[in-house]
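Single chain ahead, written as C-alpha cells, the form predicted alone.
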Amino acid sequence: EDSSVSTERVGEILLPGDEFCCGPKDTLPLTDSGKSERLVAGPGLRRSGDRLLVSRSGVLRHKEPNKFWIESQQRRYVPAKGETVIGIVTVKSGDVFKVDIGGSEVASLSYLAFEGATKRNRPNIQVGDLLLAQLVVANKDMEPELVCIDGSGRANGMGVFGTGGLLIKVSLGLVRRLLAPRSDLRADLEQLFPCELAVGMNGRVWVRAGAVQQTLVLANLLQSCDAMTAPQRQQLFRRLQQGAF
C-alpha cells in the first residue's frame, strides 16, 4: 500500500477499525523534495506499528506538515495538555480551587496560578465563576491541573470572565471551526451582531452581544450550526440579516 495513502484520504468519512499505512519507519513523504517527517496521530487515531488505526468515526483531517486527526460530533471532552478550556469553579478548598472542565473528573487550580498572585494578594475567585484557563497536566493517571498564566507569568486573556453573557455547549468539531484562522463561522456571527466570544477546546462557548435577545439568537445559532452544512448556515444567516427572526 502506498505510504502517501493517508494524505489522499483526507476529507473521507472513516469508521472505527479502518486503518492506513504510515509508510516505512513511521514517516510520510509530505514535501515535494521527498523529505519524510514523523507523522503525528491526533484525536481519533492511534498508531499500531507502521499503521494508523481509526478509533472513532468522523472525517479525516490533516494539518501541515504531518498531523492527522478525526473530526467528529464528539461532545465528551478528554483533557489534553496545552489546551485552553472554559471551566466553572465548583469548590474553594484551602490553596486550591476545583474546576469543572467537562471531563470525567474535575481539575485543580492553585491560587498562585494567576498573574500577580502572591500569598498576601490572592485572586478574588468565587464558586460559580467562569474561567478561561490552560491545562498544564492532563493524563489518565493524574488529576488535570490548570493555570491562568502563560509561560512568562502573564494572564494573556485568561482568568475570570463572563458577566452578562451566556455559556453553551457545542461539539468539539464546531469548536475547532470557531478557532480556525480566518473562521468563516466566526466572521458570519460577528457580521450579524457585534459580539464577544470566548471559546474553550472542551466544547464550551461563552457569547455576549449588546442585548439579551441578540445573545440568545447567537447562542441558538451556534447550537444549530453543529448539524448544518456551510450553504445551509449561510442561507440562515442571510435570512437573519434581512430581519426574518
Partner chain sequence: MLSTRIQSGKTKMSETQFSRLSNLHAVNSSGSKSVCVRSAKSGLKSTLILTHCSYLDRDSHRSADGEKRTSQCATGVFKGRVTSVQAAFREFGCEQTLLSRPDGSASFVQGDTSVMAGVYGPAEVKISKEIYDRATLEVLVHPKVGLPGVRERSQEQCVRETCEASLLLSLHPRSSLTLVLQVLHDDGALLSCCLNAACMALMDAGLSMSCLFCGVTCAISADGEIITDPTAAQEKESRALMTFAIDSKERRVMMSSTKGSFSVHELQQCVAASQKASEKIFQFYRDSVRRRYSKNL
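Keep in mind that what you see is a predicted model, and the values were worked out from it rather than measured. Take the two forms, find the largest set of C-alpha atoms that superpose within 1.5 Å, and that set is the rigid core. Numbering follows the first chain given and starts at 1.
Just so it is clear, the following notes concern the form predicted in complex with its partner chain, a form of the same protein that is not shown.
Asker: Between Glu145, Glu71, Glu83, Glu115, only one gets a heavy atom within 4.5 angstroms of its partner chain in the predicted complex; which residue is that?
Answerer: Here the answer is residue option Glu71.
Asker: Contact between Arg38 and its partner chain in the predicted complex at 4.5 Å, heavy atoms?
Answerer: No, Arg38 is distant from the partner.
Asker: Taking any heavy atom pair closer than or equal to 4.5 Å as contact, tell me whether Lys63 reaches its partner chain in the predicted complex.
Answerer: Lys63: no contact with its partner chain in the predicted complex.
Asker: Can you check whether Val106 is within 4.5 Å of its partner chain in the predicted complex, heavy atom basis?
Answerer: Yes, Val106 is a contact residue.
Asker: Although its partner chain is absent from this view, report whether Arg176 comes within 4.5 Å of it in the predicted complex, heavy atoms only.
Answerer: Taking the distances in the predicted complex, the answer for Arg176 is no, it never comes within 4.5 Å of its partner chain.
Asker: Can you work out whether its partner chain is within 4.5 angstroms of a heavy atom in all three of Leu15, Leu53 and Arg76 in the predicted complex?
Answerer: All three within 4.5 Å in the predicted complex.
Asker: For the heavy atom contacts within 4.5 Å of its partner chain in the predicted complex, list the residues of 124-163 involved, in sequence order.
Answerer: Contacts from 124-163: Lys140, Asp141, Met142.
Asker: Would Ala230 count as moving between the shown form and the other one, using a Cα shift of 2 angstroms or more after superposing the core as the test?
Answerer: It does not, since the Ala230 C-alpha is displaced less than 2 Å between the shown form and the other one after the core fit.
Asker: Examine Gln213 after superposing the rigid core and state whether its CA is displaced by 2 Å or more between the shown form and the other one.
Answerer: Superposed on the core, Gln213 moves its C-alpha less than 2 Å between the shown form and the other one.
Asker: On a core-based superposition, does Val199 travel 2 Å or more at its Cα between the shown form and the other one?
Answerer: Shift at Val199: below 2 Å after core fit.
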